[in-house]
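Next up is one chain by itself, shown in structure tokens, the form predicted alone.
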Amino acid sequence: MSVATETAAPAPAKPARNRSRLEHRPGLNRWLPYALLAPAVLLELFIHIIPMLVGIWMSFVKLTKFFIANWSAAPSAGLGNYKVALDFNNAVGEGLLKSFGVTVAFSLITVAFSWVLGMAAAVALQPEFRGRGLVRTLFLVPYALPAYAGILTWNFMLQRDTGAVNHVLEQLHLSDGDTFWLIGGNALISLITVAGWKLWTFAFLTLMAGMQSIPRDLYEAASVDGAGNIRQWRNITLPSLRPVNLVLVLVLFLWTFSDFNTPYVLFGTAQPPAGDLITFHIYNASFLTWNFGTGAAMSVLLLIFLMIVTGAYLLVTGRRSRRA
């Protein structure tokens, strides 16, 4: 008795119906990336590029209050505005030079202060312990808080008669409670404190993220070899974070040197000489004297200085990285 076995013939393959429509539209596929980039490019053009070009043009004309209604009627100044800004024998150039010195000191101290606090906090919160996530969240509050709200709070705290800073210092017998923090020589200390309070959390967040990529095996091996915490930080953490630190220090310096919100909100329009940052000085030179041509020339000089510093920094650090 024979059993007949019958095998079913394979079904014919159906044409794929779920292919992307972009495969049938090569023109759309070619222009889609440009269409997606167009909104960002337009925003960058209208928010940064065009105002910067207008500012450069303003630096070459005598744009004062007499020509606000008709900018095109402003007479040409050539390099006259730059000569006034760089003539340190007159009041305008001397004031700009003093403001530049204050800004350099403010930027260097604030960047160092922010980096040290950020590194200390990142190292302290690297080991696992109970409540570490809560502490990290609390440390990020200054970074998440709106800048104006934080600076206004510091303004209230630094008041001479009703501020919390003088009250606490008096209770700790560190001061008589009559210290002026927003005028006089202490204005620079207040400015550094507030700016450092804003920036150190960014340094902490950046360094903490960089430490996540360092293998724990390196620390365990170093600990077995008898290396202490300081030696591990010097020989493992710092070299591993070198690429992060190169970018972090540059960003902190650029942000600090061009900071306008902190002195403006903290001091108002009448800034003390000790807190006369260059961005605030340029603002006053433009809007208080109504000499927008000279103010624009100062802004272009500031832009050139920051570009030179950035280029020199990247050149030096790039050479050191290649040697290493």
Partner chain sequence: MRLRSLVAAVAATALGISLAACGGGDSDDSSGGGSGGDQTLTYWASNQGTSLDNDKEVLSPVLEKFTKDTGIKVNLEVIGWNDLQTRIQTAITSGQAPDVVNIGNTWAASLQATDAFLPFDGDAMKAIGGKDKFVPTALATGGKEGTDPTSVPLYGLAYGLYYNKAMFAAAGLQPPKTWEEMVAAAKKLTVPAKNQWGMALAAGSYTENVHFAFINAAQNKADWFNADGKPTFTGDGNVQGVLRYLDLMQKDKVANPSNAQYDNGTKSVNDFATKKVAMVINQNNADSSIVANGMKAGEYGVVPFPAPAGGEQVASHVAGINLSIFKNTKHKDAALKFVNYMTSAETQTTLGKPFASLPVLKDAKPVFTTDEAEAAVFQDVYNTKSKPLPLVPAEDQYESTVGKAMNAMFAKIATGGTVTADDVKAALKTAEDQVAASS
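Positions refer to the first chain, counted from 1. The structure presented is a predicted model; accordingly, all values stated were derived computationally and were not measured. In this text, rigid core is short for the largest set of C-alphas that superpose within 1.5 Å between two forms.
Below, we turn to the form predicted in complex with its partner chain, even though it does not appear here.
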- Message: Check His48 for me: does it contact its partner chain in the predicted bound form (non-hydrogen atoms, 4.5 angstroms)?
- Response: no
- Taking the shortest heavy atom distance, is Ala91 within 4.5 Å of its partner chain in the predicted bound form? yes
- Message: Considering non-hydrogen atoms and a 4.5 Å limit, does its partner chain approach Thr137 in the predicted bound form?
- Response: no
- Is Ala74 one of the residues lying within 4.5 Å of its partner chain in the predicted bound form, judged by heavy atom distances? yes
- Note on the structure: in the predicted bound form, the residue from Leu86, Ile183, Ala222, Ala112 with a non-hydrogen atom within 4.5 Å of its partner chain is Ile183
- Message: Between Trp255, Trp31, Trp290, Phe260, only one gets a heavy atom within 4.5 angstroms of its partner chain in the predicted bound form; which residue is that?
- Response: Trp290
- Item | its partner chain in the predicted bound form: contacting segment from 190 to 198, 159 to 167, 240 to 248, 102 to 110, heavy atom within 4.5 Å | 159 to 167
- Query: So which residues in 254 to 272, when you check its partner chain in the predicted bound form, have a heavy atom no farther than 4.5 Å from it?
  - Reply: Thr269, Ala270, Gln271
- Taking the rigid core as reference, does the Cα of Ala270 move 2 Å or more between the shown form and the other one? no
- Query: Any CA movement of 2 Å or more for Ala69 between the shown form and the other one, core superposed?
  - Reply: no
